[in-house]
Structures are given as C-alpha cells and as structure tokens.
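Take a look at this one chain, the form predicted alone, written out in structure tokens.
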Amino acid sequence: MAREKIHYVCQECGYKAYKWMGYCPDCRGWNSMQEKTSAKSGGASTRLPGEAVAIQSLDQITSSGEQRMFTGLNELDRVLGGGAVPGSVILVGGDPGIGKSTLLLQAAVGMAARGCRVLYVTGEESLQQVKMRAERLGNTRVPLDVLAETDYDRIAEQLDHTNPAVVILDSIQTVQKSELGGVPGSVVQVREVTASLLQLAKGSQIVFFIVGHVTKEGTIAGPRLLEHMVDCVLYFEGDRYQSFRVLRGVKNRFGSTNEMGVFTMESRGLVEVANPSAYFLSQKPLDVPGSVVVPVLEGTRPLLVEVQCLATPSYSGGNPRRTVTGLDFNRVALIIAVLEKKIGLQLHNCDIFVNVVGGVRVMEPAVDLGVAISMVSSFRDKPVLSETLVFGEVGLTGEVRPVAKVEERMREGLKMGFMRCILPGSNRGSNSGSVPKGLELYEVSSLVQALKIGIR
C-alpha cells in the first residue's frame, strides 16, 4: 500500500530536501522551502497505465520530411531556420517592454491570415487590452482566437476543443497548475507547466510560442531551467528608449543559432529591416578619427557595422577607465595589450571607450583589426582611410589571421558603396578569382602593416 512521504521543495530553484530549512543551500534564498507530499510504495513496483511503447529501428521509422510553418515575418522565419517546425516549443525572452508581446501578436496575425488556426493565450492582459493592441497595430480583421486564462487545466481543455495548429502563451510565468500549490512563476510551477506543454506539442504536433520574463541577472526566470527543456530559445534585445530591436537565436534544434533578425519599433508595431547595413551606417560621420566600418557575419547574413573608439588621456588619477559596448571586454583588453607591446602605443594612462553603433553585439574575432585601427586612429587623432572596410583577427604576436566567408563580406561592402578593403593576406588563396570588381584590396599580414595603410 502506498504511503505518503513529506518533502520540501524550494520555490526559487527547485532544490529538494526531506526536512524543512529556512535557508535553501542551493540558491541561498530564505523562507522558500514549501512542504510537498508524494506517494511512496511499500516495496512493490509501480507501473504507468497503458501499453508499453514499442522500440523501432531507425531505418524503419517513417520520415515526414521537414515541414515548416511560416509566420509572416521574414526576420522571425530567418532566425527560426526557415519557419516553425510542428511539434516544437519556442521560448521568446527579453527585457520588460522590449516588444515580445507585440512580436508574437504580429506573428499570430500573420499565421492566422494564412489560414492557420492560432490560439493566443494571455495571462497578463484582458481580452479588451489585446484588442486595443491589435487595433494599434492595424490587425483586427483576421480569424485569431484569443483566450484570457492562467489555469493550465482550463487551457488544455480549450486546446482539446479548438485543436489549433499554433498556440502563443503570454507568459509562461502566469500559468499555474492548482494541484501543485505555490505561487505562479515559481520554479516548480514553471517546470511542470513547461513539461506538460512539451507533451502536448509532441503528441499533437502543435507549435507553442511561450514568452519568458528575464530576471535582473539577464537570464530567463527559472535559472535557465526553461532553456534546457524547450526546442528553441530566442532573445529579443535592444534599448527600449530606441527603435532598434534584434531577435537572436540562442538555441535551435532545427536550425542555426547564428542567425539574427532586425526590426525597428514604430507606432504601427515592429517593422522588419530589409537592409540592416544601410540602417546601421545611416548616421555614420565622415572622416572622423576613431570610426571604422567592419563587415561581420550573423549566420548567413553579412552586416556592416560601425565601430567607434575614443582614447583620451586620463586625468582623474587611479586606474584609467575601460568601457566596452557591443564587444567582448576581454578581447578588447587583448587588443590594447598588443598595441602597447607590438606598436609601442602608450595606452596604459588613457581612458578608452569602444562602442558598436546601433546596439549590435559582435562576438566574432573578425572585428579585431577594425577595433585596433579605430583605437590607433583616435589616439593619434587621424581619420581612417575613407570608404574602407576593415576586418581580420589579431593574434598575440601582432599578426593578422584569416577569417571565413571573405567574398560575402566584400560584396556587402561593395553594395554599400565602399571602394577599399583591408583584409588578411592569408585569405589570398580563398578569394582568388572571386574578388568583386570595383573593390581595391589591401592584403596585410601584420598589425603594423595594416596601420600604415589604414591611417595616413
């Protein structure tokens, strides 16, 4: 006969203990342990009802092929790898007010306009508020089903009745299972609700888009718990006080995680940016020291971004300031050390500020050479050679190393009107015969050589 056993679960991190503690040893939270009961058998084995699932050989499993569902937003489809895969759970995270609900409402309208049955479940707004937002976006004449509910059992019951192809849940932290206890948004509630959604998605081939709030540490609430459970994780980034927005894939079981979607927030909602390079360079100053244009790759898309640097003597005393936005701070520190050791620049007593214009985050090492040239340009107060692209990886000995997909980078620069390009000489063999006409190349093998060409 089954006996009930008492245990305690932390509502913040899910840590399990068999005695009550006022202090959780895992997440160090106070008064977060809540009593739970579970059935314990007296030695007899338990078995779930129903027949056992048969084992199948991989070569005998029937493949249905890759079928993707288009959302109506090309930038969102790009990040998803060409569209949403049926039976997948997609998590969209981002800071409050960044536009997550607006993005998913526009995607829901786009899919509903294509004849897809879409259910929009809101746990944070009323039906009237969703209607007001849809009117502001100009999307009210589509057959989109809307449900305002936070109880999971009632949501599952509506799914059985309506049988939608796509479900958008805004947000996962507001949905709860009454039998679990605890407050909505706790780790136990989020974990169990997400696990149930995964079973529904795989069993019924429903696409779930779920919104996840971001904590003050910058991660999705639930200590990255949801990211390990779902099929795809998207982060919606940008400054809420600016119109620029970036949708970036962090995890994707059905596509690349290097793709990036670009939007601008307008009065009528999110507007896709077809040419991000032109958008990033629209306000670029001409012949100003410390400004360099670097072609970077985000997945399959080449982008031209402006890297700005300001190096000025520090008069405040103490350690000089090092402020980096949009780049890896450790990578910039490496470039500063190489410039001091190999070039002889006295940067140890300078305040240095480095910024990628537009709020873009660039992590690939191809930006190294551009950062180095912009830093020297600002330090010497001399502008970089006009209409020039710069890219290449900088090594610890001052050498310039090759990068991937050189031709795509140069074609994007030529399309935007650039006439010159400083690139690694090691890429000579990879781009022979494929150099775009009208682009003058300066192939360099060292940082010293690149500075002599780029700064005159």
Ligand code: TYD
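Numbering starts at 1 and runs along the sequence shown. Note that the structure is a prediction, hence the values are computed from the model and not measured.
FYI, the form predicted in complex with the ligand isn't displayed, but the following is about it.
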Evaluate M229 for contact with the ligand in the predicted complex, applying a 4.5 angstroms cut-off between non-hydrogen atoms, and reply yes or no.
-> no
Verify the contact flag for D239: yes if a non-hydrogen atom of it lies within 4.5 Å of a non-hydrogen atom of the ligand in the predicted complex, no if not.
-> no
For R78, is any heavy atom within 4.5 Å of the ligand in the predicted complex, or not?
-> no
is_contact(G326, the ligand) in the predicted complex, heavy atom dist at most 4.5 Å = no
Have a look at P164, P302, G255, G99 for me and say which one sits with a heavy atom within 4.5 Å of the ligand in the predicted complex.
-> G99
Partner-contacting position among K131, K382, R114, R268 - heavy atom within 4.5 Å of the ligand in the predicted complex = R268
Which one, 365 to 373, 198 to 206, 345 to 353, 135 to 143, holds residues whose non-hydrogen atoms are within 4.5 Å of the ligand in the predicted complex?
-> 135 to 143
